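Presented below, as structure tokens, is a lone chain in the form predicted on its own.
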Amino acid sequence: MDNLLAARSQMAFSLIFHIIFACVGMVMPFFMSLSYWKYIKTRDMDYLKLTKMWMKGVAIFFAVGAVSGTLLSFELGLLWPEFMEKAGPIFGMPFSYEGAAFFLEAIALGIFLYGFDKVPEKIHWLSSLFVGIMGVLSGIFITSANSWMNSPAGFDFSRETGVYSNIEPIAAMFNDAWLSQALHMTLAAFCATSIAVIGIHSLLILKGINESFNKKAIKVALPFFLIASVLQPLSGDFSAKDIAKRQPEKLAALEAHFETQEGAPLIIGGIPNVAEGKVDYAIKIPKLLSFLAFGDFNAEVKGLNDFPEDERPPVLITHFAFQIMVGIGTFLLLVSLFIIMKIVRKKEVLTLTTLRLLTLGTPLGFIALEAGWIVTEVGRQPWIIYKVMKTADALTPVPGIQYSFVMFSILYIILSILVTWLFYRQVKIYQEL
């Protein structure tokens, strides 16, 4: 394994873990807040138990997310010094704002954790809501920084001298990709976290454990899942249209679309045959890709063969990740529509069939989340700053990254095992109360 592959693998491995910690930390405070609001209104002790269970979960993920996020900050500087030297002054603002939001989130979480019977109840509840709001803002600011890498803005760059000038941090933060990426990522976080929480409680009901308590937990998290899973395909369409305009080679890699074509078909599934420039065993829907990308069934869609070989994203991993993301998103949408139909018809929602579907969905949201992140990052390669700096040019000259990769991987695995054990312990304790 050479240094470039080791550095990319380390960042990928770190982000695979951190993105889950961060997303749970963004979303779970809203479950905590809503259950506490229900307790204030009803004085039902089950809602107070739920609040305290999720409160401790929020504290766990907040702490672990802080650790993993700090490690990522060090990794950016250690692995990609050229990138941080050039890009830091340009897109540093969203990182600063993310730090401020994180600081305010920590204060609000502290008030909520230790404020029971010490501050007015409504102020106490507002602190729980504030934790969630600041968590979401933190996620949006970080996504804005990542979107800048896909759509660099707010500076002038001279290829002759390599000088970055006329820096405008606001323009960099609100680049052309930030809205579509921030919207898609936020909805993905809500969808993945809510279906995971719902699925765990559905499984407990299927096992005959504390049915009343677990049904209340599901009813708290269910609205977040239904709204996010229905809106997610719309945000995905918005994001795909944006990619079609700004990063046509990424779109071509997503679809394993090799030849430029008017009325391009949408490819579902299949195995890309890069050597021969085709996709085997795929389902092709005529002209649909052109319509989805440009709103015109006869629009031209550029193929990978139109781009220099050294500027094409890896096709296999990008295509498979995209198919996984879309497939799971479609399944979760269908589950949501099935539940919404039951609600509209005023039928029992948490039937045996529904509980089994929700249990099946437990890991799927996070799998789709990871697949979507792979699409974003791998689909941008070979660029670390799209069309400005290649990933290989940003790499540290220091050798031995392989050892760093192994060390950080072990650390993240330990963190994950610890978080899983702590969260399992909390769920078990509150099931027995």
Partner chain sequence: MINFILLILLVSLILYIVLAGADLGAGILEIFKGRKLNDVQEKLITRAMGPVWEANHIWLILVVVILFVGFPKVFKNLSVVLHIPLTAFLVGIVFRGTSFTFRHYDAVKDQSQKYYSLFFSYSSLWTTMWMGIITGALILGQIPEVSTGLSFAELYINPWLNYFCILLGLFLCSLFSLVSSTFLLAESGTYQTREIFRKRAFYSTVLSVLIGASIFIYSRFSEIHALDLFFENSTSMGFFIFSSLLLGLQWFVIKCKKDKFLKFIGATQLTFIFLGWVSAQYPYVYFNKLTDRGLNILNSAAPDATILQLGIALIIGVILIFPPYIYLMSIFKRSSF
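Numbering follows the first chain given and starts at 1. Since this is a predicted model, take the numbers as computed values, not measurements.
Same protein, other form: the form predicted in complex with the partner chain, not shown, and the subject of what follows.
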message = What I'd like checked is whether Phe174, Leu183 and Ala192 together line the partner chain in the predicted bound form, meaning each has a non-hydrogen atom within 4.5 Å of it.
response = no
inquiry  = Quick check on Trp373: any heavy atom within 4.5 Å of the partner chain in the predicted bound form?
reply    = no
In the predicted bound form, Tyr114 touching the partner chain (heavy atom, 4.5 Å) = yes
request  = Please run the contact check for Trp421 against the partner chain in the predicted bound form: heavy atoms, 4.5 angstroms, yes or no?
outcome  = yes
query = With the partner left out of view, is Leu411 within 4.5 angstroms of the partner chain in the predicted bound form by any non-hydrogen atom?
reply = yes
ask   = What is the one choice in Leu266, Ile339, Met84, Ile317 with a heavy atom within 4.5 Å of the partner chain in the predicted bound form?
value = Met84
note = Picking from Phe103, Phe297, Phe307, Phe238, the single residue whose non-hydrogen atoms come within 4.5 angstroms of the partner chain in the predicted bound form is Phe103
Contact segment among 36-44, 52-60, 23-31, 362-370, judged by heavy atoms lying within 4.5 Å of the partner chain in the predicted bound form = 52-60
query = Considering only 168-189, what residues come within 4.5 Å of the partner chain in the predicted bound form, judged by heavy atoms?
reply = Pro169, Ile170
